[in-house]
Every structure is written in C-alpha cells, then in structure tokens.
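Only one chain is shown below, in structure tokens, and it's the form predicted on its own.
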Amino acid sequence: MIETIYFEEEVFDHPTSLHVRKALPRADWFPIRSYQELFNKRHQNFRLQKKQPELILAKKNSNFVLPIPAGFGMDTSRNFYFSHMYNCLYDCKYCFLQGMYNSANFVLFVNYDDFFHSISVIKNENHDASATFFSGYDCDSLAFDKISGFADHALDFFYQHPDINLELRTKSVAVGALFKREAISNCIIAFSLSPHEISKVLDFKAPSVARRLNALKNLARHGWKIGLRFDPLIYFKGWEDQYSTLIANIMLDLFDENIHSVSFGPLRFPKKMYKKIVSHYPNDQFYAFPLEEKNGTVSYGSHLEIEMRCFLERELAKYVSEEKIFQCVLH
C-alpha cells in the first residue's frame, strides 16, 4: 500500500487527485513544485525504492502522444503511444523501465483530458489512415486502475471515436471496470504472458499466469477483444515444451474470433540500459546467461532469436489465423 503521496500544488484539487485521495485515505500528502525534482534526481536506489514506492501526482505539459518505437506496432497505418503514468506496480526482472528511470516511484499524470485532446488532433490530421494508440508502454495500463480510475476515462473517449483503436496492455487482473460496461469494438485488452515456470521466477508482484488466463477468458466471454503478447520471449531449459503448453492452455475455451492479435518479440536491451539493469542484479542467474552485443543492442543473438521465432510461429499457427500473428522487434 502506498503510504506517501507527493503532489504538484496545481493538481491538488484536480478530480483525478480527489479520486486518488478517496482510494488512499491513509496516505500522507506533501506538496512539491515539479515531479521532476523528485523523479529525475540522480543517485536514487531503484531496488530500495521498489520495496516501498511512493506516488507523485503531476500535470503533463507536452509530448502527450508519441509515435511508437520502430517494430512495436500492429498492422495499422499509424501507431502511437501515450503514457499517463511512469513506472509499474509490478517488479518483473526483465523490465526495461528499471534501466530507463532513476526512480522506482510512480508518477501519475492526472490531466487525462489533455492526452485525449492530443489523440483527437492526431486523428483529425490522419483522417484517411487507421490508427492504434497504445497505453502500457511506460506502465501497466490496468494495474493501478483502482487508484487512478484511468480506464473509465479512456474507454469513454474511445467509445466516442470508433474509427481509432486503443490497446490497454497489462498483466493485471484488476479488470472490474471492464465488466461494468459493454465491450467496445475498438479496444484491445492485451495481456503480457510467459510460461508459468519462468513467470513465477521473473514476474515478481504480478498476478500468476493462471489468474491472467482466467481474466482474459472471462473478458473474451464478455465480448472484449483480446491481444496476446509474448514479449519478451525468455530462453530457458525446456522452453519449447513450456511455451507450447502455455499456448495450448490459452487457447482452451478461447477461439480465433475472440483474438484481435498475437505478437511476440525477443529479449533485447540498448547496451547502456542493459548495463544499468545488470547493476541492480549483480549475482542473479537470469543475467548470468551469455548475451551478445551488436550495434549497441544486447540480445540472445540472431541464431537463438530465429529459432524461438520460428517455434512460436509454428505453435501459434495451430490456433490463430496467420494474419493475426506479428513479430515485434524493437531496434
């Protein structure tokens, strides 16, 4: 539970801040001038902060919506992402956020309407092209939803704009807000998934894979479009059998028409980010596996990436239409 909340003074009475206050009535509140004075401060201990993160409420003033990184998107003409929050409730060992930010504290940007205004502007500028807007790049889209109330605001907006798409990417089972309303056709609930044996070791604080599968299947029965995200692919002893079992378990009682898309991607880090992440885990077996560095990117290497890609494509093709399967490779 969050015990300490810092807030930019101008957002104290914002409706989102009031929602947070109601959700966290016992937290202590402290005013600040700007979230950056805390969040961007150097020499913070990410691992120590992750044990008891604090929340920072702020107003975002620019760069509300950005083009997605190369290799991230699905099959639409234009793809963008937006981050109403920095950092994640969970503590997955391979997460790139721990190499991106100095702080493990959460930043919640309370001015959701400014994000949606920017989306409207982009939509009007690209009225002749389909577009998907991805939420969940710098955070988990739903894990914080009981506190932030973000999902209802996003779904209300996209319901009014059926010609553009929203992806909510998550590992959360906090999907109550979705069951309280009718499914909307232009929203994809995309679950990040790994085999049980690896998830229980690496996906610290996240719901189990079994609970995620139960949530996504219930959502599918409720009419929501489901995305399956195997990203990153993790190499370990017996990985073929484990991924095969995982995919079979997912597809049990889940049909092709329930699935919007399936994507997978290799484990990759920019070199500088990788060094920072490894420094958090000096004796960890996961980072002891020999990785290769090429052109500033650290990965398993092309041979192993191709082997895993081909295996996933064969397994997925047993259940899912080929046009719904995508490889995502961030450069």
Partner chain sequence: MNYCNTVTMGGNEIDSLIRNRIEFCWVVALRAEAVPIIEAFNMKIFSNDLLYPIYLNQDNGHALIISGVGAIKSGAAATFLKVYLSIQNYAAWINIGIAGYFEDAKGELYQAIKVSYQDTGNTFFPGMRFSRILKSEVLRTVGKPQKDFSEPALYDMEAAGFCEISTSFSCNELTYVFKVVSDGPNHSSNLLTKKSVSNLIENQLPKIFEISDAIEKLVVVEKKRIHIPIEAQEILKTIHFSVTNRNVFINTYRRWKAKFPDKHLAVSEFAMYSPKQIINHMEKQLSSETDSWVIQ
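Residue numbers count along the first chain shown, from 1. For clarity, every value in this text was computed on a predicted model and none was experimentally measured.
The protein also exists as the form predicted in complex with the partner chain; that form is not presented, and the subsequent description refers to it.
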Does any heavy atom of residue 280 come within 4.5 Å of a heavy atom of the partner chain in the predicted complex?
yes
Although the partner chain is absent from this view, report whether residue 327 comes within 4.5 Å of it in the predicted complex, heavy atoms only.
no
Even though the partner chain is not shown here, does residue 40 get within 4.5 Å of it in the predicted complex, heavy atoms only?
no
Check residue 293 for me: does it contact the partner chain in the predicted complex (non-hydrogen atoms, 4.5 angstroms)?
no
Which is the contacting stretch out of 231 to 239, 143 to 151, 179 to 187, 129 to 137, given heavy atoms within 4.5 Å of the partner chain in the predicted complex?
231 to 239
All of 30, 33 and 285 with a heavy atom within 4.5 Å of the partner chain in the predicted complex
yes
Which residue, 100, 248, 201, 121, is the contact with the partner chain in the predicted complex, using a 4.5 Å heavy atom cutoff?
201
